[in-house]
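Shown below, as structure tokens, is a lone chain in the form predicted alone; questions about how it binds or moves come after it.
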């Protein structure tokens, strides 16, 4: 009976053919390693975030006088509300873990190279959308860190020449962070994940149009170098989801506040500024880049905002900065060394962003702002260095295999 039903459906809408061509029988390079799991893991976490966010929105009150109490109501009174909130709050952390590894994997193995430029662009756009979604979600609990984080970040828009001040008022819905701001951020935070989901579909469409890259970064021959996605990679992805869930749920059940700021359990108070305003860890490298330029005048403030946005936007042109005929860093020793310096530098920027701007090392001999500026220079130098290494042909790649 099921077969008859599917034949009837397929005659009118070829669902089975679509599933076979784009999922079960989709040709996939046979040498993909576990770094490729993080794309499917990011999609899994996105679904978890959508589901938990939907139920949280049913109980949340986007009102400056009620928002903090409504979160407490979710935690204390709603059946399994604590589980929903901790899954959602920690899910943001693990979402960015998956996304960062997914991006770095693409950079290392050359997944941004021709013919996958549009695929890469969709990924960068998704990253931008995730940053905005996460920021607006961080404001919703309406604790001290939420309120003052919103005040600091939205004020950066005022650095835009001519229209900056008017834009700030338009974003806030007034002249300071308040009830209109919270309402706007709640609506956008609810809407953006569905936009992200649509972008993910386009991202996957672009992927299936040009097919997956592989660790060797070479073109594959269908049949000889490929395997059907099911059962080989469905099993591999399920194994990855199982390992991921063990780590994710360990934090949810045993250390749910590990990534959360204690100050955010204090109701928002416009009259009391926290001693140290710090964003979530996944914003820290970009926050450090922003702070690396002194805010002594309008120009330096604008330069900081441009540098922070440019740190992500530069990924758009990465496919044209890397001119090497070899995609994968497996066969490019100098590019590989530059890449690991870049990864280490991102960790340094995160550490700098976590500490107060006026902190020092070695009994005041080394201001942290100097380390931040050096790390910022190294961050952008990576892209310049990659371009120079490939344009000037300084690097001699190793011989590529003829087949995977």
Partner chain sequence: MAIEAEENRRDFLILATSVVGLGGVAGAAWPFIRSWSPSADVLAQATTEVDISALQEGQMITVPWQGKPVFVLKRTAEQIASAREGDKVKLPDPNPPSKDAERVKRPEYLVVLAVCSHLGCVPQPIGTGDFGGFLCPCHGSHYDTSGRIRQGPAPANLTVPDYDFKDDGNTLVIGKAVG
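Numbering follows the first chain given and starts at 1. Note that the structure is predicted; figures quoted are calculated from it, not measured.
The discussion below concerns the form predicted together with the partner chain, not included here.
Undergrad: Only one of 275, 246, 163, 255 gets a heavy atom within 4.5 Å of the partner chain in the predicted complex. Which one?
TA: So the residue touching the partner chain in the predicted complex, by this definition, is 275.
Undergrad: The partner chain isn't shown here, but in the predicted complex which of 88, 203, 116, 291 has a heavy atom within 4.5 Å of it?
TA: By the 4.5 Å criterion, the partner-contacting residue is 291.
Undergrad: Mind telling me which stretch in 255-263, 282-290, 327-335, 96-104 gets its heavy atoms within 4.5 Å of the partner chain in the predicted complex?
TA: Flagged stretch: 282-290.
Undergrad: Please determine whether residue 42 contacts the partner chain in the predicted complex, using a 4.5 Å cut-off between heavy atoms.
TA: No, residue 42 stays farther than 4.5 Å from the partner chain in the predicted complex.
Undergrad: Mark residue 148 yes when one of its heavy atoms lies within 4.5 Å of a heavy atom of the partner chain in the predicted complex, and no otherwise.
TA: Close contact exists here: in the predicted complex, residue 148 approaches the partner chain to within 4.5 Å, heavy atoms only.
Undergrad: Quick check on residue 236: any heavy atom within 4.5 Å of the partner chain in the predicted complex?
TA: It does not: once the partner chain is placed as it appears in the predicted complex, residue 236 has no heavy atom within 4.5 Å of it.
Undergrad: Would residue 171 show up as a contact with the partner chain in the predicted complex if we use heavy atoms at 4.5 Å?
TA: Yes, residue 171 is a contact residue.
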